[in-house]
Structures are given as C-alpha cells and as structure tokens.
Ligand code: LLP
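Presented as structure tokens, the chain that follows is alone, the form predicted on its own.
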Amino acid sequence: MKELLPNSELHYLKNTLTWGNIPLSKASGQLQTPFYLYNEQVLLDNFKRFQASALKNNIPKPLVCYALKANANPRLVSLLAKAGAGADIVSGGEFKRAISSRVPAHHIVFSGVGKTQAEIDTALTTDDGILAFNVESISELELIAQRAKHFGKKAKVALRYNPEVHAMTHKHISTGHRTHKFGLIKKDIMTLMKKKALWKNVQFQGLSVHIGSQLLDFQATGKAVERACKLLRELDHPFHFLDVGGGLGVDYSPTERAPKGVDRLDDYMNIVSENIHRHLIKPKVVEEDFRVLFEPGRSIVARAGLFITKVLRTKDSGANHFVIVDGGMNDFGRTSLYGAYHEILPFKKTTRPVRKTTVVGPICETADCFASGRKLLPMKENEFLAVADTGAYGFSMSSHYNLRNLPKEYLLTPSGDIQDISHFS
C-alpha cells in the first residue's frame, strides 16, 4: 500500500486506486461522469486537525469559521456545523446556506467588499444576530449603521484591516496589499474610530485580516498578524476578537510539499499564537472573553474531494499526445484559471510505459486543459481518471458554459456508502 498524497488516504491497492478502503472503481461503475466525489472522513479529520492545532498552540478560544466560498455543498456544511464549525460568508446566498445547514448565526462572520443593503438587512434581522460584519470600506460601515438604526438594532462589526503586505501566492488570490480592493488601510481605520456618530448603532468587536489564499510561506502572515495586534492596541478601544482570516495552502504539487518533518499547519498556528501572546495577551490589553477567529476553506475541504472524469478518446498530433476526457473547465476551472497543478491519477495502475501527455476537456477553449506535458500512464477510451484535491474551488466555481450540465456531487461515507448530495440540476 503506497500513500500518494498526504492527509488524503489515497493509495493504490492491488493496482486499484483506493480511497480509505474503498476502491474508486465502485463509484465509476455506477455513476455518470464527470462528477465530484467527497470523502466525509477526510473532511472531518481535516477540520478536527485544524482545531486541535489551534488548541495545542495556545490560541485563546479558537473559533473555526469555515469559508463557504471554497465549497458550499449543504451536506458538507452541515457536517462541519455539527462538528462545531462556524461560517465565513461573502453573500446573501451563503448566509442562507449557512443558516439552513444549522450553523449558529452567532458563529457567522460576513466578509466581502460588495455587501448589498438587502444582504445587510437579512443578516441584521436574523433572530440571534451574526457574530460580526467584517467591514471593508467607510461607506459600508455608514450603510450598516443606517440600517441598524432603521431596525432599532446594534450591529456587531469588525473592521477588515489591509496590512499592506505582499503574500507569496498567485496574483489573483492575493488580498492584503495596498493595491488590492480588500479591507481598510490603517489611516482609514483610525479615521473611522473617531466618527462617534457612526458607533451609536454599531458595536466594535475587533479586527479582521486576510492577506490571500494558498499560502505556503508564512512570513507575510506573521507581519500581518503582528500589525493587526499593534493596531488594536493603538485604537485604545475594547475589543473581543481578532479574526486572522484563512489562506492556509495545500501542497497540490510535489514541488510544494513541505520538507520531511515539517508540519505547515503547526507552523502557521505557532506564528499566529506567538504574535497574539507577545502583542496582546502579555501586555494584558484583551477582554476576558477575547478569542481568535479563523476562516479556513481550502485547507479543510480541498483534500476531501476528487473530480472523476472518463476518457473519451486519445489523439496524437505530431509529437503531442492528447487524452480527451468528458470533464471540462466549466466543471473544474482551477487549472485553466490559475495554471494550477493537480495530481491526475488513473483508476488502474498498469505496466504500460509512461508518456508525456496533455489532458484536455471538450470545451471550445484552448485553456480547457487539466495537465500539459505530464508524464502519465497511457490511457484508453472509457478508462477513468481522478483529478486530486478538488474539494475546494471546484464545484463552487463550475458553470453551464457551452450549455453543459453541472457535474453531480457524491459523498463517500465512512461505511463505504456513496450518496448523491447534488444540490443543483
């Protein structure tokens, strides 16, 4: 038995790709491709590991608010809510999904630069009230204050701080630099805190900071958390939490793997904890109820998902060998949008010699490509491939482009059952 990917339980057993103890051929034999397959045990193990690392590193009262944008399948959100997760949301639709999936309202943080009045009203008037709006602009806070006054409410808010650091990640998912649309720079936060009229119907809860996604180097994370802690002290105002955001990366490719003996999750938690203890807890500037919020998405759900697709045909064009599959960039877009690397694994291991292969889908775009020049076992018509680590930003970014149906979603339970958890037709 050889493990292929860390924390995923994927391996070949008797030359058959197996997840946990379930051969994936069990799924391919009864389900129409392409589809997503999620592993319940991997999902919950990832969440519990995140929580356990926070506690091990002395993070005060950690609350893990799962980022629904990564994957908002109602069954998955419900499983996480039952395990104790809160929710990080960025739209009215995600708010409704979190509530219907039994995430307590007081464990929901509402992020995003473009909250509408209708979305603000919905979150304001929910029975229990949400934990906080993560406010991203002066005009947004003004609108929240107006609507809170209209409803006779006190809106709980955190100010999303843009720490003006450069995160080492893809430019499209970096969010904490001065040129990015997200958050408020220090000068604007200092100005806002002095506008006493705004705070009559608004309660300040703390700061939120999020510098980007798919972070594997935590130097910028340390700077961002340190700056947020120091800013909280400068504000000289009671606060109840620091939301350190999400962004913890996944080592999709062999070149991204952590060195042997290195636990990136533990390193990340250690950096967060060290700064909070040094700059807030030691100086004793926190309230008794102070806690730390996290907004992980990718690190919880990425490894819990596979995208399963079938070979339609192969094609040789000069020196180029193509494997054409029935899944496309409309189903899974990360490889096309970001040039992202994902392992591509045949269901059956054979003795055929590997060859340089480009795996493409049926969409009328050259970008519709899952791997280019990858050394893979030769594939035949009607054989199956698994695209690994696709639980995050897979189905949630899928579309009907080329008038194609959305892929179905299935859940592999710990008992080995495969359940249809699709929520769109």
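One rule holds for the numbers: they count along the sequence shown, beginning at 1. Quantities reported herein were computed from a predicted structural model and do not represent experimental measurements.
Below, we refer to the form predicted together with the named molecule, which is not included among the displayed structures.
Heavy atom within 4.5 Å of the named molecule in the model of the complex: which of Thr309, Asn73, Ser111, Gln205?
Contact residue from the list: Ser111.
Among 51-59, 30-38, 65-73, 360-368, mark the stretch whose residues have heavy atoms within 4.5 Å of the named molecule in the model of the complex.
The contacting stretch here is 65-73.
Should Arg303 be counted as a contact of the named molecule in the model of the complex, where contact means heavy atoms within 4.5 Å?
So Arg303 does not count as contacting the named molecule.
Could you confirm whether Gly328 comes within 4.5 Å of the named molecule in the model of the complex, counting heavy atoms only?
Although the named molecule is absent here, Gly328 would stay clear of it in the model of the complex, with no heavy atoms inside 4.5 Å.
Can you tell me if Glu94 lies within 4.5 angstroms of the named molecule in the model of the complex, counting non-hydrogen atoms only?
Answer no; every heavy atom of Glu94 is more than 4.5 Å from the named molecule in the model of the complex.
Consider Ala388 of the chain shown here, and say whether it contacts the named molecule in the model of the complex, taking contact as heavy atoms within 4.5 Å.
Contact check for Ala388: no, nothing within 4.5 Å of the named molecule in the model of the complex.
Could you pull out the residues of 246-260 that have any heavy atom within 4.5 Å of the named molecule in the model of the complex?
Residues within 4.5 Å: Gly246, Gly247, Leu248.
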